[in-house]
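One chain comes next, on its own, written as structure tokens: the form predicted on its own.
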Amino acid sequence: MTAPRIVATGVGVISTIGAGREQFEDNLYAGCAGIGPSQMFGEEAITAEVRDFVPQTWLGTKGIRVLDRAARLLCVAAEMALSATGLKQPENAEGDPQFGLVCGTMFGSVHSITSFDWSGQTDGVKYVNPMEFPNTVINSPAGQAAIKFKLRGVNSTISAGLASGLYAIHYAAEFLRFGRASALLAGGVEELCEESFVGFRKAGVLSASGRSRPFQAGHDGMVLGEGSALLVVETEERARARGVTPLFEIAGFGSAHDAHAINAFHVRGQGAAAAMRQALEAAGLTPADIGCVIAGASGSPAADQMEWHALKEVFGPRLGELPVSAPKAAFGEAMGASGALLALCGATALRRQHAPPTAGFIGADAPLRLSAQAQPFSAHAVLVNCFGCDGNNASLVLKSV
């Protein structure tokens, strides 16, 4: 029996370079970068945060008060994706038990968790706010989104570090192939907060210059970001039965773990290369079939070097001719949301047949074909990478339908 093809039929996204699919794509291809002085931590801090975020624009005011920042970001992306596909449930509906949500995140609602615990420690357990308790678990954004949008099916949160968003998309695709859901929202979310920002800063991985320069000379670390991106995924058969034209196919996924240290990349890139090969094999493709690579590079010298080694191992001499894009130069390292944002970049590249610009690109530190301009290609498949410093390596192949 042939496995069903899994396709995406809708998109919801909010990021530092745009809210909504059209704005995100237009700003991405215009070479915009959403990196600058922080509204949260003071102008001396440089971040890629969603500035002037007003979730009521999309969600209205009902029920907003109980949602923390991570849940609000995820709910906005869900609202956009469901509205775009006509799958949003009416207010008085019971919800579809075959429609659920798979969300990737690195920390979840870490600020809510920390604040609640701190309040209990300093003020005493009698004085903690019980309304904040539901936000004190890593899967609270997914749970809150399911409640708000009546998603009665599977509700899963995947935490695989920086690669969480790609893992979530694959997990959702497998659920659909096994017939355990009729449709799913799949992607990732991450909030930028004091706890994550200080943690990454103390780990010494943030850019001292405040610039995200993947694969470029002078790259000195990542710029931390946030956001949310969700895909509506379903089988191609169901989509066409609904009269919907699929946007693209989720064709192959690969993962490999090569932990070297909890906060250091293994620069030889063996796990990353294995993940790419697995994704290509799962899609029934070879490296020659790939039109462009959406790299997970963030400006971390070790991470960039590792990905370059892995790409060279997989693509060999062809690598110098293959368009490569590093979109984190535009929206920063969005942690658990990065994989989903990068997948959206890959889908857009596939439709436009142009690899997105690498924002602010001047010159490569490695022999890769990057550019500050969109790069044309002619192919029906793209490869999306997302690799983490904890050894989690994930790759996804997207195909035209």
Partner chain sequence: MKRVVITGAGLITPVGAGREEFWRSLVAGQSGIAPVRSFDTSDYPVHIGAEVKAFDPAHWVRNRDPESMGRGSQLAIAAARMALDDAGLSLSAFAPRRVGISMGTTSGEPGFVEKYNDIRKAEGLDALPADLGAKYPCNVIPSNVAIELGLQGPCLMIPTACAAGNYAIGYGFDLIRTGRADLMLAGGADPFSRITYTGFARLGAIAPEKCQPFDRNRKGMVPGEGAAVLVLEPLEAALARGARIYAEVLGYGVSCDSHHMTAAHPQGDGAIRAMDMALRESGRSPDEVDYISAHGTGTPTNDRVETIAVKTLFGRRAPQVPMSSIKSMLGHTMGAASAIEAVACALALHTGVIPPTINFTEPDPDADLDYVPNTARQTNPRLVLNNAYAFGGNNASLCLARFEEAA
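Please read all numbers here as calculations on a predicted model, not as lab measurements. Positions refer to the first chain, counted from 1.
Below, we refer to the form predicted in complex with the partner chain, which is not included among the displayed structures.
Note on the partner interface in the predicted complex: the residue among 143, 301, 287, 210 having a heavy atom within 4.5 angstroms of the partner chain is 143. The single contact residue among 113, 176, 87, 247, judged by any heavy atom lying within 4.5 Å of the partner chain in the predicted complex, is 113. The candidate site formed by 53, 226 and 368 is entirely out of contact with the partner chain in the predicted complex, as no residue has a non-hydrogen atom within 4.5 angstroms of it. The stretch from 289-297, 216-224, 230-238, 199-207 that comes within 4.5 Å of the partner chain in the predicted complex, counting heavy atoms only, is 199-207. In the predicted complex, no heavy atom of residue 267 sits within 4.5 Å of the partner chain. Mapping the unseen interface onto this chain, residue 78 falls outside it, with no heavy atom inside 4.5 Å of the partner chain in the predicted complex. Proximity of residue 117 to the partner chain in the predicted complex falls within the 4.5 Å heavy atom cutoff. Remark: residue 153 counts among the residues lining the partner chain in the predicted complex, judged by a heavy atom distance of 4.5 Å or less. Contacts to the partner chain in the predicted complex (heavy atom within 4.5 Å) from stretch 161-199: 161, 167, 170, 171, 174, 175, 177, 178, 180, 194, 195, 198, 199.
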